[in-house]
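Below you'll find only one chain, the form predicted on its own, shown as structure tokens.
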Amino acid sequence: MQRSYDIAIIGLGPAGALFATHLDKGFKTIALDKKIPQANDGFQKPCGGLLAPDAQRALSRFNMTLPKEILVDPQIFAVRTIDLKSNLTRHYQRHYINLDRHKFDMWLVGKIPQHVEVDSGATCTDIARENGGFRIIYTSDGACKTIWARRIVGADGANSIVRRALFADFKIHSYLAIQQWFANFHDTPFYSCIFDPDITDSYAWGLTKDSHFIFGGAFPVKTGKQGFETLKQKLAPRGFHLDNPVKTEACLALRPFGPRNYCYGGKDAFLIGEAAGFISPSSLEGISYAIDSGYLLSQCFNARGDDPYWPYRRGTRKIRLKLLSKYFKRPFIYQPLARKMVMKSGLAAISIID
């Protein structure tokens, strides 16, 4: 028989995990997630794994402290910013936490109470409206399964199947995010942010993580693979050792270009985190908005109103105002002339003593 639920959650990144954790136990809830706990060969979120100050503040509001098991070496306090177009390099102090992103996600999932049914290693393949709710088809443990839910929450990231299936007309500017892992042959650990407007109007990154070095970036979808390889070649003379990758990861990444680039859902379907477009247009940081929107939606559900949609949409005003401030910051990061002027001035830069 087809199992029925009050709520189905698709995706258990920070947004889905916070929503599931704070949802009242009176709801019969199931959460479907691609990731498999303690598995190295299952799906893992392609991510550099740096916890930005905004995300740290979001966690602190829940009095959450990170266990040492999810931290990795080294903890780096400065970012080396390279502008290949202007041939400028500056160092800026930053307070990121270097962590294992998969372990971080699993730590959040581990906080979900037992009254929420979690199906790990599950891939959702089809969603359709049916009988006043949603028919959801997914694969798990090699079997195809079907469930029905009165309401559905899409917390499944940039390439959200919930958004694509139920809100197909809604488009958000997207990039192909690619990153590769290399054995670390750099003498000194570092974190670097790289700009090259000839290849991408976003940015690339490189960072040391335990015994590996990760290099990645966000590129136009059509030319992403070629741009990625070209950028690797351009960085070789600058001391980047990017030969013989041990692992390659890729995913879709969103970057909203205006205050209208958010999709909240509608008609008993809801989107949170990056699935809704809540991601910084300047840094592409999304964990803080995932935490905030996931918790917000749980409280709208817990209020037991007739329709959580409008309280949720109104409640995202703080998130949208915070994102609005990032739009004003974006030109100084991504507009080549403005970025050159800022870097050349040395404003907020620090001097590195060898």
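Residue numbers run from 1 along the displayed sequence. Note that the structure is predicted; figures quoted are calculated from it, not measured.
Beyond the structure shown, there is the form predicted in complex with a small molecule, which is absent from this document and is the topic of what follows.
In summary, among the residues Lys45, Lys326, Lys28, Arg313, the only one with a non-hydrogen atom within 4.5 Å of the small molecule in the predicted bound form is Lys45. Scanning Val221, Cys251, Cys144, Ala183 against the small molecule in the predicted bound form with a 4.5 Å heavy atom cut-off leaves one residue, Cys251. Considering the small molecule in the predicted bound form, the lone stretch of 76 to 84, 144 to 152, 173 to 181, 233 to 241 in range is 173 to 181 [heavy atom distance within 4.5 Å]. Using a 4.5 Å cutoff between non-hydrogen atoms, Ile287 counts as a contact of the small molecule in the predicted bound form. Put simply, Leu12 is close to the small molecule in the predicted bound form: some heavy atom of it is within 4.5 Å. Although the partner is absent from this view, Tyr264 stays clear of the small molecule in the predicted bound form, with no non-hydrogen atom inside 4.5 angstroms. Mapping the unseen interface onto this chain, Gly157 counts among the residues with a heavy atom inside 4.5 Å of the small molecule in the predicted bound form.
Shown here without its partner, the chain carries Lys34, Cys124 and Ile161, all of which come within 4.5 Å of the small molecule in the predicted bound form through at least one heavy atom.
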